[in-house]
Structure formats: C-alpha cells, structure tokens
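Let's start with one chain on its own, the form predicted alone, as structure tokens.
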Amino acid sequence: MTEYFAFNAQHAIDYIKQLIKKSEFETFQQDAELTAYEFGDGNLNLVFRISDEQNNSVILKQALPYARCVGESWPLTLDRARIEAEVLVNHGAICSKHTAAVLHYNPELALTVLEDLGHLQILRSAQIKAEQFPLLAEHVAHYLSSTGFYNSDLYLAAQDKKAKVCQFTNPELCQITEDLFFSDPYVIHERNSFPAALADNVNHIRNNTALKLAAAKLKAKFLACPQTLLHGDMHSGSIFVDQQTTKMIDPEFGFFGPVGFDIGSFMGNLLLNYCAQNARIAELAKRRQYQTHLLTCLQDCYSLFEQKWLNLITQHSNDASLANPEFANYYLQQVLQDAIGYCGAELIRRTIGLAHVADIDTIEDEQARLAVQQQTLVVGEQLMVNAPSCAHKDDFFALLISLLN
C-alpha cells in the first residue's frame, strides 16, 4: 500500500510516467517529455495539468486532508476522492456525453487522472462575462434526469439501490453541506461572511421563523431522503462549456439524497448571476437581453427536467406501481418543490455564508455589490418560503418574475 503524501508538479509528472510505462492509458507515448503545473483554485484539492510536446494532456486531481481556505484545523476525509471517482464512473456510464471521463484512480494517494477539458470554459467565468450557451439547459436537464432516474428506486432493484446507498455514503462532506446550506446562515456563526452594511438584512433572515422552518424542512429531507445519486455540488464552477458541449466535473460531494437538490443548486447559480448582472452590465437593453437569456435557461431546464423524468418513469420504470402516471406526477411535484427551496437556500448561503461566488464578490462598486446581495437574500427567502405553494411550473415562473422585475 502506498502511503499518502501531497503531490507537487514533479510528483505529478513522475506518477504519470509510471502509468505510461505500465501502458495504463494511451494519452502519451512511452518516450513523451512531460511538463506539469498546478492551477487549481479550489479549497479541497490539488489540481495539475500534465502535458507533452504535442499538446496532449491530462488532469491529475488529488484530495487534500484539509480545507485550504481554513487550514489544517478543518480536517477532511480523503475518501471523498473515491466518492468523486466512483460518481464520475457511475454518471459517465449513464451519461458519458456530459460527464468528465476518469482515466485512472488511486485510492491510497486519493488521486484521479481525468480527461483534460481545458479547451472548454468554466461556466461561472463565462457567465460573469455574459456569454450565452443555448444548449446548456437541455444538456443539464438531460444529465440530471438520466443520472437521477437510473440511480433511483424507480429503476434499480431494491437491493441494488441499497448497496449503492452504502457505496456512496459520504458523511463528512455531507456535513459541510448540511452546515453551510441549512444551519450557519440562520444563526451567528464564525464561518459566515458578509459586509457590515448587510447586517440588517441578515438579522431579518435570522429572525424569520417561516424561513427557518423552511430551512429545517429542506435540511431534514437532505438528511433522510436517499432518492438518487447526486452530483452534490452542481454550481457554475463545476460545469465546463462551449457552444456545443457541457461537461460536469467535481462530484466529490456526491451521495444519495433528494432528487431536487442538484437542479435546485444549478438554478440558484443562474439566479446569482442574474442578480449580479444588475451591477455588471451598465446598458439597460444589453442587461435585460442577457438576463432574459438566463431566465429562459432556468425555465427550459426546469421544464425539460420535469418532462424527461416523467417520460423515464412511465416508460422505463421497473416497478409497475411506481410507473403509475398519477404517481409520476405526484413524485415530480414533490421533487420540483424541493428544487425551488434548495434554489433559494443556495442564494442565501452564497451571499452570507462561508462560500461566496465570484459573480458577486468581484463587483468592484461596493454599493452596487451591496444592492445585489440584498436582492439575492430577498429572492432566496421568498423562494424558500413559497416553494410549497408552487404546485405547477407556472406558479414558480410567476413567482420568479415577480421577484426579479
């Protein structure tokens, strides 16, 4: 067994050379001259790009035993590297078109070698620049509905499903989500981060009993509803895109949880960018055009996700009782109400919790940034509180439009 140690660039090169000698994958020739550099900016991992003189390249990602944003005082399990690799393998078998490919995995060193998606853009960076991707909604809806359905009780035999729940138990990273999403923003906590000028808005959040009840209900479902194998971290920084391609990366928070969580997180990030553009695009016509694009993307993703799930349940469920169309509609109504709530929770926690988004934090004008933060808190609050009353997508879309205009 190899003893764990944190890699540097030379370690990454040496490791890949060992794989080449063993002919474990065919990205590089045996005599290739390799170079490597670290470029990851995340809190939990080291990420290296290893290239040869012909510009062939792979990504080596290694989990760290602590969160870099906090330091060694916040230890983290290295088993999350196994979770990430196995989620990618699972989702890739179902939806390879939209899942980053795993080339190699080493559990002892907590590292994974992945296809290099550097020719694509990170969605968050592109959307900060107001770039549009007309296929994004369709691709995300397909990825989430297909990986969601084929890992659920509606498709898997009961014993297989329960075995997978055990395989993907991820308590340490789930606790991070449980704390940062559903607990910290609603109390005084040292991990929270927001400007003093936002204090009145934060106090309103903390004193809103209806909102705190909604947060508790969402947390309870997150804790105790293993509906499907989630990506677990479906924000704009976990998606690579171009005009024709969408690829999901970084599912180290993956576990079996409520179906609505991933799509809710994705929609929340679209709304964070929507609000941020109020301080980014000065010209009203251009801003409205881009925000309309974002809102259309959200609505299309929601509608396509719902339709694809309904089709899968009624046409491919292996349990006749669950394939009942009336049950399918009931099931999706519950899922999508959850999604609206999780969407709102994402807005709040990204505004006043530990982990913010560059869409908002890099707005230079302090007053403009504050106005965006105030808007995201209001939208998040209203989505969480009103999610149970959104019995149909038209209810949700009408609520959104009322909040954003």
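Heads up: residue numbers just count along the shown sequence, starting at 1. Only a predicted model underlies this, so the values are computations on that prediction, with no experimental measurement involved.
One more form of this protein should be noted, the form predicted together with a further copy of the same chain, which is absent from this view; the next part is about it.
- Contact here is defined as any heavy atom lying within 4.5 Å of a further copy of the same chain in the predicted complex, and by that definition each of A158, P171 and E178 is a contact residue.
- In summary, the region of this chain contacting a further copy of the same chain in the predicted complex, judged by heavy atoms within 4.5 Å and restricted to 81-89, 189-197, 209-217, 279-287, corresponds to 209-217.
- Shown without its partner, this chain lists H204, H119, K97, K162 as candidates; in the predicted complex, only K162 has a non-hydrogen atom within 4.5 angstroms of a further copy of the same chain.
- Contact between Q315 and a further copy of the same chain in the predicted complex is not found at the 4.5 Å heavy atom cutoff.
- By the criterion of a heavy atom within 4.5 Å, F327 is counted among the residues contacting a further copy of the same chain in the predicted complex.
- At a distance threshold of 4.5 angstroms between non-hydrogen atoms, P226 is in contact with a further copy of the same chain in the predicted complex.
- Using a 4.5 angstroms threshold between heavy atoms, T245 stays clear of a further copy of the same chain in the predicted complex.
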